[in-house]
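What follows is a single chain, given as structure tokens, in the form predicted alone.
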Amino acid sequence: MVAKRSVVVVGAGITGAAISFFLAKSGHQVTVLEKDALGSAVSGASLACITPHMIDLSEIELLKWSCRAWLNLANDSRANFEYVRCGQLRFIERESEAAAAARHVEAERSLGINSSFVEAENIRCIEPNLTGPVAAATYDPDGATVNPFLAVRTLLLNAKSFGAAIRPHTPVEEIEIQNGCIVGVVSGSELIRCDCVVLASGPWTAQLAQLCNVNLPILPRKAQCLASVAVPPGTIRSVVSSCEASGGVEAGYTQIQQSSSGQILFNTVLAGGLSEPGAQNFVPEVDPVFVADSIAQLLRLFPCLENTQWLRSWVRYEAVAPDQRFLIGPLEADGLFVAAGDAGTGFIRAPAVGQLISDMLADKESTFRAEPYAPNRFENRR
């Protein structure tokens, strides 16, 4: 029988919430510590698309498993977190990029993804109002979205149903280590004893790791979002995303969708765009150039939105590793783990990350290969 452990999960965004659920479900004694409100950083501000489409092919099995986990949670949970199977369409602006996208789709299909390459003349069959100058697109009809705020809380409530303690507004100030082993964390004057600590704090993870003299190559990257007033349902039917680097504002990544309330949501992460350590502690005003460029991009793709009023905008910071892939696994101190650095893709991967961490604590072979996410994979780079 696998020994059950007392675990502190630091961070109550989507990654920390999923880890907490899977650990508590496995019988571990779990305490979740969040320095602010639950899901109040980038997770709560995400557009939360759930699809394996047009992502690293080496992660396909993990991504497919994660998509199934979300669907199972939506079917089984008493809480409604607005899981909507709407599909994802990735537009291609340059004809020169179409062949590479078609090859990627072919590879996806060989690995069990129900995606397709869409010629320009057929795009309006999927998105009638996408009438702007687009060369082609790719499409995953099984892509879905969730309400990010409700999804985080659903996972935390499910973790709580298995005995987890959820503690918002409880910042971790020290991590106690004795003889190379984790013994607890300090918040204020309180020592919370535990066998294991999982750092799942997004762009704050590197700062927390330094409390243990561990340097993690995680930096913050600014993500900016824009939201309209409500427009008629079905104005945008699927998640509309850029395909390849040239498809976003200023060569960045773009995602557009319509929420259940009718708002049009626009998210962009600029190419590169990394910020200095600590930038995540100061939420700036949204760049007015971003607002202008975003509206221009939207109107170019969806001319029907010309008279739409824009209601609000916001900025959050993602955690980014050098290869834009999660760091998942044990660190130097016995009982210290990390799960961060996902570059804004936490929602699609979160259930699988929770399962991986659970498997690691149980010291058993996982369904997924852990090597691509090893936290020390950058140590030999020059």
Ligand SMILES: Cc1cc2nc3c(=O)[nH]c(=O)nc-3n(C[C@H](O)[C@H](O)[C@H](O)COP(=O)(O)OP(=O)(O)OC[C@H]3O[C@@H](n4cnc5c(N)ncnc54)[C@H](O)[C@@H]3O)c2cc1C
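What you are looking at is a predicted structure, and each value in this text was computed from that prediction instead of being measured. Position 1 is the first residue in the sequence shown; the rest follow in order.
Just so it is clear, the following notes concern the form predicted together with the ligand, a form of the same protein that is not shown.
Within 4.5 Å of the ligand in the model of the complex, a heavy atom is found for not a single one of 102, 140 and 258. At the 4.5 Å threshold, heavy atoms of residue 291 stay clear of the ligand in the model of the complex, well away from it. In the model of the complex, none of the heavy atoms of residue 338 sits within 4.5 Å of a heavy atom of the ligand. Contact between residue 45 and the ligand in the model of the complex is found at the 4.5 Å heavy atom cutoff. Residue contact check for residue 242: none of its heavy atoms lie within 4.5 Å of the ligand in the model of the complex. Look at 298-306, 124-132, 217-225, 156-164: in the model of the complex, residues with non-hydrogen atoms within 4.5 angstroms of the ligand sit in 217-225. Among 170, 116, 235, 147, the residue placing a heavy atom within 4.5 Å of the ligand in the model of the complex is 170. For the stretch 181-207, the set of residues having any non-hydrogen atom within 4.5 angstroms of the ligand in the model of the complex comprises 200, 201, 202, 203, 204, in sequence order.
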